[in-house]
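Heads up, the chain below is alone and in the form predicted alone; it's given as structure tokens.
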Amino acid sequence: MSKCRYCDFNSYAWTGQELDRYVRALLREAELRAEALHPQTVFIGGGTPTFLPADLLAELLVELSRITGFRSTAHEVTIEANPESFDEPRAQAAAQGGVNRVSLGVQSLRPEVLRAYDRVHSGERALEALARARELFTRFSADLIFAFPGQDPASWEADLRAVLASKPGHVSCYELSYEPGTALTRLRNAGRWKAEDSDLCEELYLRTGKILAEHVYERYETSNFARPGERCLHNLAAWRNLHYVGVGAGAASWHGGARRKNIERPEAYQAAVESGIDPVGECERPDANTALFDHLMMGLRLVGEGVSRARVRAATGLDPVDHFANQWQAMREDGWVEWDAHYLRTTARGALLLDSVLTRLLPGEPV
């Protein structure tokens, strides 16, 4: 098993580590931090949870339900999967364990692109996995990545239409990004990989939205599209900056006024839990200015909805429009943002320039 070149998530290649030991540690942490949590949504992700053998995946879901009670309370239970690990036994284990939504990491159907990303599945295997998801689950989503260097827009459109033929209720289309520390970024910095032209990236972004709209998918977040009733509830909660509890190596939480991130290395995480030590790696209680920026950074991704001014005031004591009055006024004159008494949002043009919008709002910048 390898790690994809573009990935900056806390994931590692499997080299024979004890998977059952990791699952035991995760469940032990859940008993300490999530007992009787009764969550409304559950998202089993980070790396590839369907890499677990089917019997171990089944045990994980049964025990998580026993600890948290999610099967009685959760409206949505999502599991991330890659096509090569989404075989019949694992898919059945997920369905029987209470999962009702699958997010499949398709990324591309082109062999040359998949090889460049270090993906180990084929386009045919991806389409088979989509068919299996459609057969066994009421809801499923497909992830795709565009702006591969030298990408022919026609080939991207063909991939997108082929995936849409599987009728997923939800599609995520991400522009290829170059995050610090990833293998892809190192290749680019060494001159061995050239990022795609920004004008073509914008063309692909806009064309993607148009094609999906033709198929009755609404862009509800910068990179996410859904048919009616198919928005990802778990991610919506995160973009609205609502509270969540994460367990596992590198898992993040936002709960009780604190942002927390667990120890990242699985071995160190396991050792801490097994020794009865809290596996927290980082923890902070953001001040009002930082919390305000967090709300804006997440909420402005929600196309059409934006950021609830009342929710931000309740959480931080600050009104986002009043606090950044000069910046908002300038950006409204530029046609980037708009607001009313209840919500603040980007325009269609501002959504394309979201990084520039957020740069003007960084904590510590003059207001």
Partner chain sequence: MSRRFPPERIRNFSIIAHIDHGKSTLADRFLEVTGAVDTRKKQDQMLDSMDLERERGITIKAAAVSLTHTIRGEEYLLNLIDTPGHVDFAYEVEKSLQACEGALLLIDAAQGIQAQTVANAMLAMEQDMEVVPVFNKMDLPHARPEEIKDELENTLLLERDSALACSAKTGEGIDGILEAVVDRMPAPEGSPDKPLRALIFDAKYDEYRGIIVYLRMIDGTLKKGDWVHMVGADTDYEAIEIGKFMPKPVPHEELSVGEAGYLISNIKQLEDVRVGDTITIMRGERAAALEGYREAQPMVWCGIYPTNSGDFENLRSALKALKLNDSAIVFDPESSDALGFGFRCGFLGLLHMEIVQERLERESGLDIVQTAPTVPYEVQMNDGSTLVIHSPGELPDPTQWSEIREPIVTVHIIVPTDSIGVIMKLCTDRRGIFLRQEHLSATRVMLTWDMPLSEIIYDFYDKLKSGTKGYGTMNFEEPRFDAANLVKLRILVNSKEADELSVICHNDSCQRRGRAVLQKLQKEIPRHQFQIPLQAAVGGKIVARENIRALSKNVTAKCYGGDITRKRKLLEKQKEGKKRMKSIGNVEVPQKAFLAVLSTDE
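Numbering follows the first chain given and starts at 1. Because the structure is a prediction, the values reported are computed rather than measured.
Another form, the form predicted together with its partner chain, is not on view; read the next lines as being about it.
Although the partner is absent here, H215 is not a contact residue: none of its heavy atoms lies within 4.5 angstroms of its partner chain in the predicted complex. Its partner chain is not drawn, but in the predicted complex it has a heavy atom within 4.5 Å of A252. Contact check for R349: a heavy atom falls within 4.5 Å of its partner chain in the predicted complex. Using a 4.5 Å cutoff between non-hydrogen atoms, S198 counts as a contact of its partner chain in the predicted complex. This chain lacks the partner; the member of S155, S122, S223, Q92 within 4.5 angstroms of its partner chain in the predicted complex by a non-hydrogen atom is S223.
Checked against its partner chain in the predicted complex, the candidates Y117, F293, Y269, F140 yield a single residue with a heavy atom inside 4.5 Å, and that residue is F293. With its partner chain left out of view, the stretch that reaches within 4.5 Å of it through heavy atoms in the predicted complex is, among 159-167, 273-281, 67-75, 232-240, 232-240. For a residue to qualify, one of its non-hydrogen atoms must sit within 4.5 Å of its partner chain in the predicted complex; all three of E175, E202 and W336 qualify. For the partner-free chain shown, just R301 of 299-325 comes within 4.5 angstroms of its partner chain in the predicted complex, judged by any non-hydrogen atom.
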